[in-house]
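Form predicted alone, single chain, as structure tokens, below.
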Amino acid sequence: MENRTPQGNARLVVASNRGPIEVRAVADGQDEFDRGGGGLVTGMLGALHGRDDVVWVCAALNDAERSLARELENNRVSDVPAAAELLDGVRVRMLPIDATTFRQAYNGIANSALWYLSHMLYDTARSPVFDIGWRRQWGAYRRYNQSFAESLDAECAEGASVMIQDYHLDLAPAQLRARRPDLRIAHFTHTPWSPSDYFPILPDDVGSELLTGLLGADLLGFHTVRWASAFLDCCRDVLRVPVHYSEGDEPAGGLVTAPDGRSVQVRVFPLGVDVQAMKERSQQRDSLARMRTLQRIVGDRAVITRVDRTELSKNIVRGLLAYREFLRANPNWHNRVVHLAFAYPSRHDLADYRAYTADVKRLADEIDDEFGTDEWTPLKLEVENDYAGSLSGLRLADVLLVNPIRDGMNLVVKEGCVLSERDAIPVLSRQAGAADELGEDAIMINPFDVTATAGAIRLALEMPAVEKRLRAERLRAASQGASPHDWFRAQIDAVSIN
């Protein structure tokens, strides 16, 4: 074990692939700064507000960010005034990891191996193939994690707490512990976790390294008991280490005895919606303008809304097939319903994702050609980023179509339950993490069963008003839970006191 004398003064350090600030080069040669997108970043920044002992370490994601980070002392992009204004006092260190290493780690391993593994997306007759080229990419993933471990070491004061986020950094906990055994380390996995009979798709040594890397932490967080238990199963079956599953009044999750003999907590931290922030954002000028546009398209018709990235696990194609089957089987609903489908670009540097997006567009055109009339647009597909539009679509929803193949949580369904002004009922995949909390009042589906999904859409549209209202009230309450601010604060507290 390599012990290092603490160099930094941060008492709390956050680590993530994507940081709370984005940098873009613009035509006049000046950099343009934006706060990182999404409610999760906003919530995490809120939990850090007012502290002067925090550093957030992230990766530079493009050439402009890499160039800027190299120019700044300690890669401190928060020292740039335009960035500082967006960060509520949080210091940000952006790592200019070389573009090849980043690409191989991010696309080759994180998004093309670990994502496929956790969401069980492999077409196993053809993939994966773990050859020497893949091993080179795994080496890049290891180096990428090591860059974070070294930077976290440099930032942390003695005994500091470190909050590491997601599957991009599964090796970093053990790499950091080897340098700094004095630290309190937490890691949160936002994806599902692979079952123990699927996880061994990975090469034996890689699977062991991945699990051991995570077990370098003191605290491991997951969205649901289902994913926490799957991780415990993998530790038991792959590493052959002792595990304990929570019982009775114990916090949900369990304990793992790491290979070095330490006891590692595995905990569940469910994530809810910041209701006030969502509603305030939905009333801003751009959202209200999009609301008016969508209302003209919808008229007095019922609305089925989905909001997703064009991500393979989101199952958009089967959702569109189900809508087409619903229209074919229920001609009485023609001209009485509109499907608003927001399918935002995702990972278009990967061929599978480009092809999938093309499939989504093609099927949408087929539905419009088959059913559309001069008076009725049965499907409105939006494939450009349109956050304001998606909020408006959720406000208009009578039905929320959320049918992922697998999902760590899926906040969209909770956002829809909170924002809908029509008591929306989710048609919800049983493989979404949110199903564990919303399953009693949502209409649950097998995400592969197109016919059953079409039937669930009809059931949701034709549900009696009284039943719909009662379900919607319970769904709204269940969707609020811990806001992103409270969710992150709970993890900080948990790792700091143990």
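Numbers for residues come from their place in the sequence shown, where the first is 1. Predicted, not measured: the structure shown is a model, and the values here were computed from it.
Below, we turn to the form predicted in complex with 6-O-phosphono-beta-D-fructofuranose (F6P), even though it does not appear here.
- Heavy atoms within 4.5 Å of 6-O-phosphono-beta-D-fructofuranose (F6P) in the predicted bound form are found in one stretch of 164-172, 210-218, 382-390, 124-132, which is 164-172.
- The listed set 143, 184, 190, 290 contains one residue whose heavy atoms approach 6-O-phosphono-beta-D-fructofuranose (F6P) in the predicted bound form to within 4.5 Å, identified as 190.
- Taking a 4.5 Å heavy atom cutoff to 6-O-phosphono-beta-D-fructofuranose (F6P) in the predicted bound form, the contact residue among 106, 326, 138, 342 is 106.
- 6-O-phosphono-beta-D-fructofuranose (F6P) in the predicted bound form is approached by residue 309, whose closest heavy atom lies within 4.5 angstroms of it.
- Residue 111 belongs to the set of residues with a heavy atom inside 4.5 Å of 6-O-phosphono-beta-D-fructofuranose (F6P) in the predicted bound form.
- Heavy atoms of residue 485 never reach within 4.5 Å of 6-O-phosphono-beta-D-fructofuranose (F6P) in the predicted bound form, leaving it off the interface.
- Although the partner is absent here, residue 199 is not a contact residue: none of its heavy atoms lies within 4.5 angstroms of 6-O-phosphono-beta-D-fructofuranose (F6P) in the predicted bound form.
- Of all the residues from 334-348, the single one having a non-hydrogen atom no more than 4.5 Å from 6-O-phosphono-beta-D-fructofuranose (F6P) in the predicted bound form is 347.
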